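Heads up, what comes next is one protein chain in two forms, each shown on its own as C-alpha cells, labelled structure 1 and structure 2.
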Structure 1
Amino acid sequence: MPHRTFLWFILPSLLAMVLFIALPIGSVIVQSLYVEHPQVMVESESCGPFGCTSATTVDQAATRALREAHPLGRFNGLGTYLDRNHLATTEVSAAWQTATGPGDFVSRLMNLPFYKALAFTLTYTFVVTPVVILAGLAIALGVNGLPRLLRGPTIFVSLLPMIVTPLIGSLILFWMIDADGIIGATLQRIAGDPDLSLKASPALTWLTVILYGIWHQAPFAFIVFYAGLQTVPSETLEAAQIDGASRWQRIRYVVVPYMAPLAVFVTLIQLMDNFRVFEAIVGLSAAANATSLSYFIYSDLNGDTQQFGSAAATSMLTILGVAILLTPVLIRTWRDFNRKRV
C-alpha cells in the first residue's frame, strides 16, 4: 500500500490517539513540574485601645487573580517528585540512617503514601496474575472434561464475573462481606467473633481486594485456555498415551507446552490490567488500608482542591512502572520481528 493511501486510512485513528493519549502524556509531564500557587497572604494591623495586633489573612481576590493568570501554578522542577507524598527522598534517607533493622525500615517506608500504594499495587499484580493463570487452567481442564451439552451454560456463567463493570462487581462483593451481609455475618458466626470485620484490618482488606481481583480476572484466563485446549492435536495426545504416558504426564508434557504461548499472552494482558487496579478499591471502600497508584492519582484529582501537580507526578511514576513492566515484552517482540525480517 502506498504511503499516501496508508496515511489517509490511518489518519482518524492516529489523530485520536495522538490528541488524546500522546498529548495528555505530554501535558502530564509539564503539569508534574509545577505546583499550585500558595495563597496570597496580607498582613493587616488593627489598632485598638490595648495596642496594635497584626493578623495575616488570605487575600482571596489576589489569590484568585494569580491562579487565573497562571493556571499551571508556579514552577517547581522535580520538587513534587521528591516531596513527602511521592518519592520522599528526605524521609527515606532519614529512615535508612536511623532504622533499627530491616523490619523497622520497611514499616517506616509503609507510612509514606507513595510507597504504601506502590507496595499494594505490586503485591496485587504479582499475586493475582499467577493465581489467575493457574485457576484459569484448572477450570479450563475441568470444563473440557464435561459433556459437550453442559459446556455452553458453564461458559455463560463463567463470563459473568469478567464482564460485569468492575465497580459494580466490587460493590456486590462489598455488600456481601458487610458485617450484616451474608458472607460477613457467616464468617463472624464461624469465627465466633462478633467484631470480626473484613474492612477493618489491613491484612484482611488486602486479601479481600486480591480475592476480588482473582474472581474478576480468572474467567479471561479460563476462556483463552479453554479455546487453546480445543486446538491441542489429538494425534499427539494419543501418541503420548500409546507410549505409556499417564494422564498427568500428558498434561505436563503435551498440553502445558502447547499452552505456553497462550500463557504468555494472558500474562501480558493480566500484568497491564492488574497494574492499574483502581475500581475495586473504590467499590470495596478499601482506601484506608489498601491504596493503589491509580487510586492515589484519583484521590488527588477528586479532592476539594484538585492537586494537579501531585497527580501528574504520581502519573509519571506510574507510567514509568508500566514501561518497566512492558520492556521485556517489547524487547522480545523486537527480536522476533528482526528474526522474521532476516
Structure 2
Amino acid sequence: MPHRTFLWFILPSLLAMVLFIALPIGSVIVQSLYVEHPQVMVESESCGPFGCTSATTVDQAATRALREAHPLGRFNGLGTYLDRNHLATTEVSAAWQTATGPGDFVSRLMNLPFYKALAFTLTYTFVVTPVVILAGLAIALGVNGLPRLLRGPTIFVSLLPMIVTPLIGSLILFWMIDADGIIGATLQRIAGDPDLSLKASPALTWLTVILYGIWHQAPFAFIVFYAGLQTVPSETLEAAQIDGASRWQRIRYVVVPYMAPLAVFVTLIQLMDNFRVFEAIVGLSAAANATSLSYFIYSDLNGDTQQFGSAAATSMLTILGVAILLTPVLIRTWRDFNRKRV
C-alpha cells in the first residue's frame, strides 16, 4: 500500500486518538501542576456594651473573583506529586532513615494514603490477572469437551458474570456477605461466631474484592480462549493422539503454545482493567479496608472540596503505573514478532 494511501486510511483513527486520548491526557497533565486557590478570609470585629469580639469569615466575592481570574488554580509544579497524599518523598525518606527494619518501613508506608492504595491495587492486579487467565483457559477446555447439545447452555451460564454490570454484581455480593445475607450468616454459623463480619476485617475485605474480580472477569478470558480453541488445527491434535500423547500432553504441547498469542492479549487487557479497579470497591463499600488508585481519584473529586489537582496527579501516576506493567509484555510481543519475521 502506498504511504499516501495508508496515511489517508489511518487519518480518522489518528484524529480520534488525538481528540479523545492525547488532548484529555494533556489537559490532565496541566491540571496536575496546579492546586486550588485558598479561600480568602476576612477578619471582622464587632463591638458591644460588653466589649469587642473578632470573627473570621470567608469573603465569597473575593474568593470567586480570584478563581475566575485564575481558573486553573495556583501553580504548584510537581509539588502535588511529591506531597504527603501522593509520592510523599519527605515522609518516605524519613521512614527509611528511622525504620528499625524492612517490616517497620513497610508498615510506615502503609500509613501513607497513596502507598496504601498502591499496595491493594498491585495485589489485586497480580492475583486476579493470572487466576483469570488460568480459570478462563480451564473453563474453555472443559466447555470445548462437552457434547454439542450442552455447549450452548453452558456458555450462556458461564457468560452471566460478564453480562451483569460490575456495580450491580458487587452490590448483590455486598448484600450476600452482610450479617443477614446468605453468605455472611452461613459463615457465622460455621465459625460459631455471631460477630464475624467479612466487612470488618481488612484481610477478608481484600479477599472478597479479589474473589469478586475473578468471578466477574473470568468469562472474558473464557470466551477469548474458547474462540481460539476452535481454530486449533485438528490434524496436529490427531497426529499427537496417534503418537500416544495423552489429553494433558496434547493440551500442554499443542494447545497451550498455539494459544500463547491470545494469552498475551488477555494479559494486556486484564492488566489495564485490574490496575483501574473501582466498581467493586464502591459496590462492596470496601473503601475503609481496600482503597485503589482509581478510588483515590474518586475521593478527590467527590469530597466536600473538589481537589482537581490532586485527582489529576493521581491519574497521571495511574497511567504511568499501567505503562510500566504493560512494558514487559509489549517488549516480549515485539521480540516474538521480530523473531517470526526473521
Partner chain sequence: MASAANRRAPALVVLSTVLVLLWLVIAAFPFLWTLWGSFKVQGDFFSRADWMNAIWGTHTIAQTGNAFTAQGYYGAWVQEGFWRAALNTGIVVFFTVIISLTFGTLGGYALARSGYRYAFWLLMLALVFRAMPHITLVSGYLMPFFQWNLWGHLPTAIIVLVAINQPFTLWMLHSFFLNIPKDLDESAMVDGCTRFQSFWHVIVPVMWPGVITTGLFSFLLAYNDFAVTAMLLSRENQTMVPQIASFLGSTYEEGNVMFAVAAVVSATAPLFVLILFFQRQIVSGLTAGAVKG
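Along the sequence of structure 1, residues get numbers from 1 upward. Small disclaimer: the values here were computed from a predicted structure and weren't measured. Between two forms, the rigid core is the largest collection of C-alphas that superpose within 1.5 Å.
Only structure 1 is derived from the form predicted in complex with the partner chain. For residue 69, a C-alpha deviation of 2 angstroms or more is recorded between structure 1 and structure 2 after rigid-core alignment. With the core fitted, the CA of residue 7 sits 8.1 Å away from its counterpart between structure 1 and structure 2.
The rigid core superposition between structure 1 and structure 2 gives a CA shift for residue 329 of 4.8 Å.
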